[in-house]
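In structure tokens, one chain follows: the form predicted on its own.
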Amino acid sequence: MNLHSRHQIAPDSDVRLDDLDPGATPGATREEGEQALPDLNEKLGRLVQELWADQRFALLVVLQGMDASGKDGTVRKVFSGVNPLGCRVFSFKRPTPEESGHDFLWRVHARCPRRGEVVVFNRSHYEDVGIVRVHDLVPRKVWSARFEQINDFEKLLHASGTRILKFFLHISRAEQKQRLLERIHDPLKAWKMELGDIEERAHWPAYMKAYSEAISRCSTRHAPWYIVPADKKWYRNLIVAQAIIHELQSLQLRPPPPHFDPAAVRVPD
């Protein structure tokens, strides 16, 4: 059951998020997806260990989506079997004055993984062609030039050994509303909720247009986008896990041999 490829966006595709069903679960039932995830967690954990030992490559995982699309949940469920020594998660907030004083990719480059490491971006540099566009924070000529700049940046990372997987967690307005209501009434979530998350729903069409163009123009051979139906959490987790595992397996990771002869070592009683 290898389903992730059907959600990968080919280069130069004309993406229209409004035409894609956020509730679709093609190729799997809930029972199959939930049964598969523990094995995928274990397999991913081992592959991340091999990546750390191999030291030739790094992996950058980008998670984008509307509020409540499941970015935090994806990290929690997909990476539950990963040793935290080899994995970092970073969430990009509003730029600080120091960050705003540099080009928009300056703070992003500093957070990218070193060889042997996995880094997950919970939101990313795609905010700089998303929210800044929707709210007119920079002129059109500025954000429109960023597509090519992002592609060049990601091409540089790939040439330096960093493999990049980008996931847009595609949630419906109805499902988002339900999840926001659950957050409001959950004491463990309500304290960190911003009312602006609710206000942003008024800009839904503009966000869909912005993300559609970003995915269309920035899904490349070396840094593909996946549009993951995210209304069903189990399916979201299944697709993301499968795609990451497939990418790591394709690297043919090979941990270096020990600096001693294991057959000659004796451990005293």
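All residue numbers refer to positions in the sequence shown, first residue = 1. What you see is a predicted model, and the numbers here were worked out from it, not measured in a lab.
Absent from the display: the form predicted in complex with a further copy of the same chain. The rest refers to it.
Here the chain stands by itself, but in the model of the complex one stretch of 153 to 161, 105 to 113, 134 to 142, 88 to 96, 88 to 96, has heavy atoms within 4.5 Å of a further copy of the same chain.
In the model of the complex, a further copy of the same chain sits within 4.5 Å of a heavy atom of Arg46. a further copy of the same chain in the model of the complex is not approached by Gly23, whose heavy atoms all lie more than 4.5 angstroms from it.
When a further copy of the same chain is considered in the model of the complex, Val75 lines it closely, a heavy atom lying within 4.5 Å.
When a further copy of the same chain is considered in the model of the complex, Ser100 lies well away from it, no heavy atom lying within 4.5 Å. With contact defined as any non-hydrogen atom lying within 4.5 angstroms of a further copy of the same chain in the model of the complex, the contacting residues in 182 to 196 are Ile184, His185, Pro187, Leu188, Ala190, Trp191, Met193, Glu194, Leu195, given in sequence order.
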